[in-house]
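The same protein chain appears twice below, in two forms, each given on its own as structure tokens and labelled structure 1 and structure 2.
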Structure 1
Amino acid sequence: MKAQLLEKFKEIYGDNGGICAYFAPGRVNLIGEHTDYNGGHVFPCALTLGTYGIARKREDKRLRFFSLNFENLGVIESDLNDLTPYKEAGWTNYPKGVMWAFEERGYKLSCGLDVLIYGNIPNGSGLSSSASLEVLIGLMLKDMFGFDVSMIDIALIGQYSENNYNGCNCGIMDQFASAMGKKDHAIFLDANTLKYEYAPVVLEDAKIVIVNSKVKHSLVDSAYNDRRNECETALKELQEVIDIQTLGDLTEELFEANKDAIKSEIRQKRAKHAVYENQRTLKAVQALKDNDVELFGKLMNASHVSLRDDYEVSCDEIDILVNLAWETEGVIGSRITGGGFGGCTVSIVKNDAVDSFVATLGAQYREKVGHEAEFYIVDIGQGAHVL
């Protein structure tokens, strides 16, 4: 892959040395959905799919970007002296946002860059292609300009740029998983303190399978921000009656005892999800430590029900995939993964059932929805790195 991308880079920008190469992965979240911005825990892992970047410093302040995923757009130019986002800049608003965020923190870029990008995360699949692009650029800047930033700083800078430059109020999970992923491990992250632990994911007789519904509903960003606001309001209402900093501070019992402080039914449902999902995540990580994959699967199923009914971030196509999975022999657990309103499901499937899982879900999904789903057997990969 690297050799091919280097060739392409030279073809577009010419060959005069100083070329650097990087990779940052996408992620799949096993459990702990919509908990990161609620002071709770998440349990994602980095994929081997992700975003590649090749770059070289320039002598001036120009920025030139080319993506092999959007070849028809050609080279998109910009300038370090003008890093304001604008719609026509398209995908380059992500790398520019990260550059802007570095500069905001006092890390000045002394010159521009020529950049080539290629990503193999399916577009709009909810497997964090944008976070992987942000982390990729963060690593590129750290390495090429010698900035003294940690990989966790790179994740935070990526999130900051997405929140303040690209307008999605996302939590830290995706960037953290991309920057800090570890091969064959999931990351048990307390999104409130950023304390984390790697948990080996050794499933002897099962595989993690992602199914891409290949739908992305348009309300993704706005509905995401709405959920966040609803949870913030619910937290304020709870704080009138109980001393907590985040919804993640609550157990199920404490929530039930105080939930009437939340004055709308919808907000009560949202907060309930945040609290219960966080507790489910703690239980799931313990189950994995105890080698109790069956319990892990049951908690995944409960996570889906809660995301569907209380948080209301699922959609028909995803529910069809999850229901089909639940009905299929050899499926230990299945749920929506990521922000929602389309994208992917994640399932744990017994080794000897994987082929029939793919065949059955593939055929039935096509019949019910009218287009193909895509299947990926997960390999848990390493976090962002220099190539």
Structure 2
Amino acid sequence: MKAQLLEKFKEIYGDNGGICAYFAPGRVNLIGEHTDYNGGHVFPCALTLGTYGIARKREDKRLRFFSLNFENLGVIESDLNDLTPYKEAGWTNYPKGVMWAFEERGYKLSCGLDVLIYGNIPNGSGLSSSASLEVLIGLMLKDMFGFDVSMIDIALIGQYSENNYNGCNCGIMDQFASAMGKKDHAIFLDANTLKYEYAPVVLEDAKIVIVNSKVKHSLVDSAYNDRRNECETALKELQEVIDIQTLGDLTEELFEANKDAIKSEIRQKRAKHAVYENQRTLKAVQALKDNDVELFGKLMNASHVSLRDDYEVSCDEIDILVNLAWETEGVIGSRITGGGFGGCTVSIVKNDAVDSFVATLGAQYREKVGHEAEFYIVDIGQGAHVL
């Protein structure tokens, strides 16, 4: 891949030496959904799918971007002296946003860059192509300009740029997983404090299979903000009767004993998901440490039921995929992954059942929904690195 991209870079920008190459992965969250902004834990891992970048410094302040994913757009030019987001700049607003965020922190770019990008994360799949691109650019700037920033700093800068430059109010999980991923490990991350540990994901006889529903409903942003507001209100109501900082501070028992302080049935359901999902994530990490993949699968299934019924962020197409997975022999666990209302499911499937899983789910989903799903059999890869 690197050799092919280098050739393409030289074809577009010329062969003048000083060329550097980078990679940053996408991510999938195994369990712990909508817990990050509720003071809870998440459990993502980096994938071997991701974004590649080839770059070289220029003599001037010009920025030139080319993406093999959008070849028809050609080279998009910009300038370091004007890092304003423009609608016409399209996808280049993501790398420009990271450059802007570095400069906001006092890391000045001394010259422009020629950049070539290629990503093999499917668009709209919910596997964090934008975070992958942000982390890639952060690593590129650190390496090429010698900036003294850690990989956690790069994750935070990527999140800051997406929040404040691109206008998407995402949490830290996606960028953190891309920057800090470790091969064959998931990251047990406290999204509140950024304390983390690596947990080995040893699936001796199974694979992680991601299924892309190929649908994304337009509810996502407004519904996401609604859920956040409902949980914040539920927390305030609970704080009148119990001393807690976040919903993540509660055990299931404490929640059940005090839930009547929440004055709305909807808010009770939202808070219940946040509390129970956080506890499921703690149990899931312990299950993997105990090499109990079957229990991990049961917790994944329970996570989906909670996201469907209590948090109400699933949709018909996703429920069809999960229900089909649950009915398929060799499936250890399956759930929605990501923000919801479409996107992907993540399943753990025994090795000898993977082929039939893909064939059976593919045919039945097409029959029920009327279009194809996409299947990715993935490995857990390392975080962003210089190639």
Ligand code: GLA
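When a residue number appears, read it as a position in the sequence of structure 1, where counting begins at 1. The shown structure was predicted, so the numbers you read here are calculated from the model rather than taken from an experiment. Definition used throughout: the rigid core is the maximal C-alpha set that superposes within 1.5 Å between two forms.
K.L.:
Would you check which of the pair is the form predicted alone?
P.N.:
The form predicted alone is the one given as structure 2; the other form is structure 1.
K.L.:
Please say whether, between structures 1 and 2, the C-alpha of E265 moves by 2 Å or more once the core is aligned.
P.N.:
Where the cores coincide, E265 still shows a C-alpha shift between structures 1 and 2 that is 2 Å or more.
K.L.:
After superposition on the rigid core, does the Cα atom of R227 shift by at least 2 Å between structures 1 and 2?
P.N.:
Yes, R227 moves 2 Å or more.
K.L.:
Any CA movement of 2 Å or more for N164 between structures 1 and 2, core superposed?
P.N.:
False for N164: its C-alpha shift is below 2 Å.
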